[in-house]
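Quick setup: one chain, the form predicted on its own, written in structure tokens, and binding and motion questions come after.
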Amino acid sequence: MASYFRPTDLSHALSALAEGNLTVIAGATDYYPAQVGRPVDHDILDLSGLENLSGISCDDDHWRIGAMTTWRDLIDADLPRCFDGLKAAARQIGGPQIQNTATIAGNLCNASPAADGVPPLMSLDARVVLQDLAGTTELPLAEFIQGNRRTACNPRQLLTEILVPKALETGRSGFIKLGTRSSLVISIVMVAGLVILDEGGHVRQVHLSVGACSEVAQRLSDLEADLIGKPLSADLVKTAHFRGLTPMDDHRGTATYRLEAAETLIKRLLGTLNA
């Protein structure tokens, strides 16, 4: 018979993971729909009782997003403008019921190519904190997500925090999602970006990410390099900047359409960030 464990202490959760093969759930907004019509034949570790993993705080170097922080928590939080892109993504994840329950960390651990939280967090140079009984490990988000539904988190670890550098606080950020309707839809393409300009209006730092065009969201490093030191302009965007993407054909769009859409959305995003 399957067992259900809902600890209220992180050490108890980590001990349970160390002892057996458990399916970890947080908001469970992806887990439960996948179980419709199926008997639960696996042991569950429910993290919803770990209240100390909820909330957003900051220290001298980082903003810290606890693993049980929901999208609604993020939307309602008083945060620097660099989080505007992540907040825009949060408002388009499901509807209010999902936003009130689904966790930011769960979106990352689910590791869907169309996970809306990944591109804006990647543009924020986010790192994740993994914890087990032996201690903690930090990884860049781009290294944590390894492919479709695959992460670097081993069966004995939990993602406990997401870290965003405070050095990015002054950056302007944005997010644009292309779908078949304006809400409650899986992304066809999504783009996110952050830019910091110098006093002369030239690009000092820029991070641009594209999601749903590869197994894992990708930074556009060639385009970022071409923008440094110049006035922010969509005219600098070239088709060659997107050659590292590997979109697929599916019922939501062809690979060719996704590449063209990604280029168009990045140009729109740069226009927004330059406003």
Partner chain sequence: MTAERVPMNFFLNGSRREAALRPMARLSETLREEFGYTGVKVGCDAGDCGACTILLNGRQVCACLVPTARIDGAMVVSADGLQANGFLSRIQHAFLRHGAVQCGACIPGMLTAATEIAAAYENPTRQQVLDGLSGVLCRCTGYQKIVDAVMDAGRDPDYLKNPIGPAGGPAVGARLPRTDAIAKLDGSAQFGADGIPTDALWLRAVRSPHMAANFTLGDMAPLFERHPGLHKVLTAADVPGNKCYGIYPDLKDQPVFALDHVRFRGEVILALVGERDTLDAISNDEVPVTYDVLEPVIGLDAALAGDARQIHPDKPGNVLIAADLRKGAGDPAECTHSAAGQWQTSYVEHAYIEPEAGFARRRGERLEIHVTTQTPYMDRDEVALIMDLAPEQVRIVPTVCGGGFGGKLDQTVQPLLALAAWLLERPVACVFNRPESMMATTKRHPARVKAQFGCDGDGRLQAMKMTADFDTGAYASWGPTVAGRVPVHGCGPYLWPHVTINARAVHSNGPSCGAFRGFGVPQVALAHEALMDDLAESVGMDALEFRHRNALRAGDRTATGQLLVASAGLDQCLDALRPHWSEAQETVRRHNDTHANQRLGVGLGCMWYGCGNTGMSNPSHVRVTLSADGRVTLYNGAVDIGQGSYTIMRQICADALGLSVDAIEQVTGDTDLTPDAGKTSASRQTYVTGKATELAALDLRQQILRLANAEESAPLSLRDGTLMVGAAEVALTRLTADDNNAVLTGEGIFDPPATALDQNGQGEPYGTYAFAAQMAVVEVDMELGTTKVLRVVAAHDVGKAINPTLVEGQIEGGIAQGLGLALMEEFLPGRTENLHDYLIPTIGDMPAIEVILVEDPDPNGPQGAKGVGEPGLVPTAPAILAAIKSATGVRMHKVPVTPDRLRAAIITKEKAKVTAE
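Just so it is clear, the structure is predicted and the values come from calculations on it, not from any experiment. Residue numbers count along the first chain shown, from 1.
In what follows, reference is made to the form predicted in complex with its partner chain, a form of this protein that is not presented.
Visitor: Quick one: from Leu245, Ile56, Ala28, Leu232, grab the residue that has a heavy atom within 4.5 Å of its partner chain in the predicted bound form.
Guide: Exactly one listed residue reaches within 4.5 Å, namely Ala28.
Visitor: Taking 4.5 Å between heavy atoms as the contact cutoff, choose which of Asp198, Glu138, Glu143, Asp76 touches its partner chain in the predicted bound form.
Guide: Contact residue from the list: Asp76.
Visitor: Choose from 206-214, 234-242, 221-229, 46-54 the stretch whose residues reach within 4.5 Å of its partner chain in the predicted bound form, heavy atoms counted.
Guide: Comparing against its partner chain in the predicted bound form, the contact stretch is 46-54.
Visitor: Although the partner isn't part of this model, could you tell me whether Thr170 comes within 4.5 Å of its partner chain in the predicted bound form, counting any heavy atom of the residue?
Guide: Thr170 lies outside the contact set for its partner chain.
Visitor: Does its partner chain get within 4.5 angstroms of any non-hydrogen atom of Lys87 in the predicted bound form?
Guide: Because no heavy atom of Lys87 falls inside 4.5 Å of its partner chain in the predicted bound form, the answer is no.
Visitor: Just checking whether Asp250 would be counted as a contact of its partner chain in the predicted bound form - the rule being heavy atoms within 4.5 angstroms.
Guide: Close contact exists here: in the predicted bound form, Asp250 approaches its partner chain to within 4.5 Å, heavy atoms only.
Visitor: Could you tell me if Ser11 has a non-hydrogen atom within 4.5 Å of its partner chain in the predicted bound form?
Guide: Close contact is absent here: in the predicted bound form, Ser11 is far from its partner chain, nothing within 4.5 Å, heavy atoms only.
Visitor: Let me know which residues along 196-211 have a heavy atom within 4.5 Å of its partner chain in the predicted bound form, or say none if there are none.
Guide: Stretch hits: zero.
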